[in-house]
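Encoded as structure tokens, the following chain is the form predicted on its own, with no partner shown.
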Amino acid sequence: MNPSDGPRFDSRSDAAKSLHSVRLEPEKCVGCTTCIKKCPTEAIRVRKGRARIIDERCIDCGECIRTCPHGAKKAVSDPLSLIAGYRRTIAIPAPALYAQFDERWSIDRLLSGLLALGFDEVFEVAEAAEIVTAATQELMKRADLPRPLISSACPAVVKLVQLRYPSLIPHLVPLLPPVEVAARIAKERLHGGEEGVGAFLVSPCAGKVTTARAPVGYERSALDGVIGIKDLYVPLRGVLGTAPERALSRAGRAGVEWARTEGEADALGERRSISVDGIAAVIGVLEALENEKLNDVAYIEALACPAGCVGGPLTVENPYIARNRLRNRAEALPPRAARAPYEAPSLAELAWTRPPAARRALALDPDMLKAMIMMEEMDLLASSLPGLDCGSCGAPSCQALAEDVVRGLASPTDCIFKLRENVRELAGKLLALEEIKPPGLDKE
């Protein structure tokens, strides 16, 4: 399977202007610092009363979107109008889409609704998830891979490992994610790589918007755009009652349940696996693994969003309601997908072609000697700060403020305790001057 020429995003789309999907709306930001305390990679600072996102540290997990009380963070995806530029279009719906609607609407009805919105055909991510499951089961038989293996399906988790836990990169499952497998099968197996055929992911996830532009583990994506579920929800709901229902769904229970926590692990059938959702919980598990405390675990299903992909920042339904809906839907499905009208890709075709490297958040300075001097200055300054990590300075921790100071991006007096200390020192000097003032200086 050869990837396409890569994603082609509408030049009018805001999402095309940045490699990141998570964006800030400055006019809504009040500088409350809530987001800086929740960001797992310290990618946000508040300066001059407004938050800003440091691109090099952002992993597009969407945690700031979930926690911002003022709605100043958003995930930007591509518009539905993008499909008009293609001769034939394929919707690649993530199974989280099914969980946004109550069970009276069948999966076939939902997929038929996508055709009513202008797509020519559909290929389910859930079907590709079953292919990836089978490939992962083969990998689990290999003794040369470290244990536990970590699922690489969640792009935010992969980037978190790259940024904060690079020693764990060899533990990542070296396979293409289901969304990419679905796009490649749809375009190459079913359409022979014809020109003018576009594949568009219907996604719950901000991270998948980003990896469609800048893939991790492979050079180019077969996706031509990523449309958020939240942007399709209202128009799709509007056609469900009128669109003729067609038999379009092929995926089985194993693939559909990938969208919820434990779904991938259940499909894999590995009894020594654990499932974790929510970025804070994922960090706890990765730290335990790095500290060699998970020796009895063979597989980790790690999902950055609460309840799994059904809780992604591009969804509309409460994640726990959505998870229950997905479970209810899956009960009526066959265990596995129907026989495919194409040759399934081999394990070699599904493998990464460019293993991810460790991501350096920000180098203090290109010059090693200067960087070492800055490091010493940073440590010295950090030791003089109160260590409360209160966030009042606009940085998530005292260590982060010290780093910002040595970079010239902040001042030590941004710390209110340092400022108070300086004011007291200045007041003391003024009092001392008052005491030693020469006689008659205050007379005319």
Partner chain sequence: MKYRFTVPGDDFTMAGKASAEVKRILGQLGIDPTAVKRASVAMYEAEINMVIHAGGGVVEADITPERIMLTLRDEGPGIPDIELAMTEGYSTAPEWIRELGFGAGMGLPNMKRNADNLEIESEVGRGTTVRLLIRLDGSAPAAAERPGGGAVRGGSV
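Remember, predicted model here, so these are calculated numbers, not experimental data. Take the two forms, superpose them, and find the largest set of C-alpha atoms that agree within 1.5 Å; that set is the rigid core. Numbering follows the first chain given and starts at 1.
The next section is about a form of this same protein that is not shown, the form predicted together with the partner chain.
- Heavy atoms of no residue among 148, 270 and 349 are located within 4.5 Å of the partner chain in the predicted bound form.
- When you look in the predicted bound form, the only residue of 353, 167, 137, 328 with a non-hydrogen atom within 4.5 Å of the partner chain is 167.
- Proximity to the partner chain in the predicted bound form, defined as a heavy atom within 4.5 Å, singles out one entry of 321, 297, 117, 364, which is 364.
- Heavy atoms within 4.5 Å of the partner chain in the predicted bound form are found in exactly one of 366-374, 151-159, 109-117, 213-221, that being 366-374.
- Although the partner is absent here, residue 144 is not a contact residue: none of its heavy atoms lies within 4.5 angstroms of the partner chain in the predicted bound form.
- Using a 4.5 angstroms limit between non-hydrogen atoms, residue 405 is distant from the partner chain in the predicted bound form.
- Under a 4.5 angstroms non-hydrogen atom cutoff, the partner chain in the predicted bound form has residue 399 among its neighbouring residues.
- Taking non-hydrogen atoms only, residue 56 never approaches the partner chain to within 4.5 angstroms in the predicted bound form.
- Of all the residues from 186-201, none has a non-hydrogen atom no more than 4.5 Å from the partner chain in the predicted bound form.
- Core-aligned CA deviation for residue 382 between this form and the one not shown: 2 Å or greater.
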